[in-house]
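One chain comes next, on its own, written as structure tokens: the form predicted alone.
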Amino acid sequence: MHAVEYFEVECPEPLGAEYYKKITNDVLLDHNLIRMIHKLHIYVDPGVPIFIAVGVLHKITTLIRVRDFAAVNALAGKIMLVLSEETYLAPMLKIFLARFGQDHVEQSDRFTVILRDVSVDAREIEDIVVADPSESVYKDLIYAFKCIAPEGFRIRREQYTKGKFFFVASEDTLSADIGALVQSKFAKMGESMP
């Protein structure tokens, strides 16, 4: 399991910083996200009002391909897939239907999918990417930071690029120069904004 290398909460009130560090830690643990984060810096100033979270994620290892959860067998005029788990069945079917058309995709049961008369071989089917775990991690992070940000901070701006993210929230309209403030928080971790 990875450890968080850097985790700081910056607040004009030291007691507020302690509370937000505990809240953040609890929420990230509850959502199983703490092990995904390499560096995290939070800035909260209720007087402005502003909440900023910037971070760097640990490298998320691999994309999920058909071969990771299904045996792909080439038969006469068809390719049969036998799934070892259902987790990625829905996204796989969506990709197959878009790529091959409904007439060529048959799902005989929860663990068996048959592709009929398709112009690809079994190896190409095995290599199809059906999920990117980093996408769901980002969505989970945004949800977690919505829980962490102060009540009423509904105006938000967020971004995730190349393993780095920021989440900014406020009660008021966010100024155009928010990028400089976000960059300064990345700099405190020894990073630059993506």
Partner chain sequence: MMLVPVTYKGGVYRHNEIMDLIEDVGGYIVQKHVMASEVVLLCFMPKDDVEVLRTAGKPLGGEVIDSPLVGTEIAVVSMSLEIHHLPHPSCDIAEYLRRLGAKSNMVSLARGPGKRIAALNDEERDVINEHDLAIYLLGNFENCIEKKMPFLRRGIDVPIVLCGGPNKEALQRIIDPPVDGYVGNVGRFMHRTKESEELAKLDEVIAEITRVLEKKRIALAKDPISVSPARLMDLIKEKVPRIHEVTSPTPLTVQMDGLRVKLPYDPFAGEIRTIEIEDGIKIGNICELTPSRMRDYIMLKIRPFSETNIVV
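Positions refer to the first chain, counted from 1. The shown structure was predicted, so the numbers you read here are calculated from the model rather than taken from an experiment.
Another form, the form predicted together with its partner chain, is not on view; read the next lines as being about it.
A heavy atom within 4.5 Å of its partner chain in the model of the complex is found for one listed residue only; from Val44, Ala70, Ala169, Ile125, this is Val44.
Checked against its partner chain in the model of the complex, the residues Val137, Val27, Val56, Ala131 give one hit for a heavy atom within 4.5 Å, which is Val27.
Stretch-level contact check against its partner chain in the model of the complex with heavy atoms at 4.5 Å: of 46 to 54, 62 to 70, 33 to 41, 158 to 166, the positive one is 46 to 54. Put simply, Leu15 is close to its partner chain in the model of the complex: some heavy atom of it is within 4.5 Å. A residue is said to contact a partner when one of its heavy atoms sits within 4.5 Å of a partner heavy atom; Cys147 meets this definition for its partner chain in the model of the complex. Proximity of Leu181 to its partner chain in the model of the complex: non-hydrogen atoms within 4.5 Å are absent; the residue sits far from the partner.
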